[in-house]
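In the structure tokens that follow, the same protein chain appears in two forms, which are kept apart as structure 1 and structure 2.
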Structure 1
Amino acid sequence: MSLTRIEILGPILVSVALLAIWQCAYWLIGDIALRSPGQTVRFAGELLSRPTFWPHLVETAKAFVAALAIASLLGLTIGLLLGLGKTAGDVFEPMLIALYSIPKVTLYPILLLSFGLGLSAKIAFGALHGFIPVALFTMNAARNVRPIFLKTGRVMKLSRWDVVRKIVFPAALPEIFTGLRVGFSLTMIGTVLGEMFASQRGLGYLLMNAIGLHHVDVIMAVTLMLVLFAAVISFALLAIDRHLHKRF
């Protein structure tokens, strides 16, 4: 894959422009509500060296990893079931899409009441966000597997499980990966969002707590960390995604 000069230089220039806007905004507004990019990075480094910060980071990481695992497994299972069963797919697809487009935050109190205030409610909320794209992409991918592959499987008298494992899954892999990539982002959004409401630990809690204390440093540093983490991982996943789609 060869990139042209503009494809490399362009995004770098845009990043520089964004930093410049941030710096100018800081000069305009001042210390009351903003920090400069330099100050924010320095404070983020300082936060990372504080022992009191790590429990929050670990809490968010734990919730996120568990939610991602549940979202992936649940999404794959539902997606394969709905993709291979035609009627089931037709019945449930609009419901999944509806669930995708409603403000799911409002469902969070229900999860809090069912799971209690703590890690499991956050995990459930993250998974609730993440499983939908995984299921939708997997379902469409399983539906679009070329019929000749499935016929070959039937001719070879493969069991249903073997058909899924050896034919549907490999054939649908690029699409499934796209679903997992989107699921990754949404799980992270869900986990952080859950922490921002009624939580006692985690990065989302730190953000909300800092509003009351007017800790602009904390808000900017934590926001920067979250945005950078999400952007870098999603960028890497996007590269793998494009590679997979090109190969098939």
Structure 2
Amino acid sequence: MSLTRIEILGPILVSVALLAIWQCAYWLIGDIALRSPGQTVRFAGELLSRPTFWPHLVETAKAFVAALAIASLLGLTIGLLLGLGKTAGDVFEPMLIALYSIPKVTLYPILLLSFGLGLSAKIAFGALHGFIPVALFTMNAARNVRPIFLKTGRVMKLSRWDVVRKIVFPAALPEIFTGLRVGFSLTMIGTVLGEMFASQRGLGYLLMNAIGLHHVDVIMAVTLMLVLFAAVISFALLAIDRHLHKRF
């Protein structure tokens, strides 16, 4: 997989521009609400050296990985079922879109009552954010598979599972991967939001606690860690996504 010069230099130039804007904003606003990039990086390193910080990081990582796995599997399953079944797709697609448009924060009390406080509620909230885009992208990808491919499968007397595994999934893979990439970002947002509302551990909890105490160093450092993680993974997923769309 080869990246063009623009694909490599683009993120670097954007990063430099954002750092410059960040530094200028710090000069204008001052220490009351911001820290400079250098100060934030130094405090982030100090935070990572504290043994008390790692349980929060591990808690968020466990919740995010579990939520992403659930969102991906649930989204793929629902998307393929609705994409291959015209009647089911026509009935349930508007419901999925309506659920997607609802602010998920309004559903969090229901999740708390259903799953209680702790890891399970955060996983459910993260998965709720992520599975719908995966399902919608997968459904549309399955619908757009060329009919000749499906006819070939019927001529070869393939079972429905074999048609999905050998024909539909490979043909729809680029669009499905796009849905997974979007689902990754939304699942991460949902997981951190879940920790911010009702949790005693995790990076989201640290953020809310720091906001309440006006601990700007912690706010900036934790936010930087989350942004860097999301940016690096998103860049890698975007590169794979482009490669798949060029290949297929």
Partner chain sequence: MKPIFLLRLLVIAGFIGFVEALCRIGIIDNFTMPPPSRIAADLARALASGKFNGPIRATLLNAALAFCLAVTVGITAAVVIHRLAALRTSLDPFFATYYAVPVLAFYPLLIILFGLGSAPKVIIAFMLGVVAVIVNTLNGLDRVPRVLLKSARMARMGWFATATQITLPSAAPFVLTGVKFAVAYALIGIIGSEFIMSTDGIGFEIAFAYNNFDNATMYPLIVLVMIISIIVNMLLSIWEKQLLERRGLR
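Superpose the two forms; the largest set of C-alphas matching within 1.5 Å is the rigid core. From a predicted model like this one, the values you see are computed outputs, not experimental measurements. All residue numbers here refer to structure 1's sequence, counted from 1.
Checklist entry - Pick one: which is the form predicted alone? => result Structure 2, not 1.
Item to check | Per-residue C-alpha change between the two structures, Leu18, threshold 2 Å, rigid core fit | outcome: Moves: yes, 2 Å or greater.
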